[in-house]
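Consider the single chain below, provided in structure tokens and representing the form predicted on its own.
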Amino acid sequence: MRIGIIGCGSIAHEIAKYRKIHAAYDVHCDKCSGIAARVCRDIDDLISSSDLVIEAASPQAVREYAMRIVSSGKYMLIMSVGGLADPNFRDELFQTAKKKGAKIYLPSGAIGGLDIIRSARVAGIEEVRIRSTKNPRAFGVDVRGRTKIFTGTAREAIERFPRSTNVTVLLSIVSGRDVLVELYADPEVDSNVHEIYIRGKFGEASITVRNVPSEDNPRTSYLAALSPVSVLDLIDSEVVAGV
């Protein structure tokens, strides 16, 4: 399978450590050095050169390129799930993928417990919340102590912090609900902490994940950079466990 990638930042470089990348595209093409054998001149060149396209750029890149990719029948792995916050765009994209025989993969990124949420949704989910705590530099704010900087829905969170709250939109998609989000900036923490609570007919579950931030990008957890590699392994595997 020929893998192409959009965006040649820290996540792309991490993926390239574990998987051979056939083609890469970035508006700053010099960033693609060392990632792929082929550096593409534009998005159409990348699509024609790939069987599966990984988006690792930004929510804006999802909105700009995703429809073109799935319309071509190519598989797509989306890292910036915040680009799917608009339910109208998301539904149209998913329907287009279905019509064209494409598949869209949404990695678990920096969180866990999505298998529980998928199972719980079958019988009905009543509540989903997430509290995320990061160092202030991850949110681009300046605070002296632990401070709540946001309370609202996942869609509102991704509008305020488009590069730091992708997991909130992913939770909404998996659960089928607009998740309640609390964001805290804490200068004393050196990890990205996500605390998820879910309640439904199955019972209750609480999941806490403490992630080491990426060395190159504090907004991104190291685990998030590893999650697409795991998805690619599942695609290639004869046995799929934990779904």
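Don't overthink the numbering: it's just position in the shown sequence, from 1. The model shown is predicted, which means the values in this text are computed figures rather than measured ones.
Quick note: we don't show the form predicted together with a small molecule, though the next part is all about it.
- Using a 4.5 Å cutoff between non-hydrogen atoms, Tyr65 counts as a contact of the small molecule in the model of the complex.
- The small molecule in the model of the complex is approached by Arg163, whose closest heavy atom lies within 4.5 angstroms of it.
- Within 4.5 Å of any heavy atom of the small molecule in the model of the complex lies no heavy atom of Ala36.
- Taking the partner from the other structure, the small molecule in the model of the complex has a heavy atom within 4.5 Å of a heavy atom of Asp26.
- Here the marked residues Gly112, Ser132 and Val209 all miss the small molecule in the model of the complex; none has a heavy atom within 4.5 angstroms.
- Picking from 166-174, 90-98, 68-76, 116-124 the stretch near the small molecule in the model of the complex, with a 4.5 Å limit on heavy atoms, gives 166-174.
- Checked against the small molecule in the model of the complex, the candidates Leu180, Ala57, Leu52, Cys40 yield a single residue with a heavy atom inside 4.5 Å, and that residue is Ala57.
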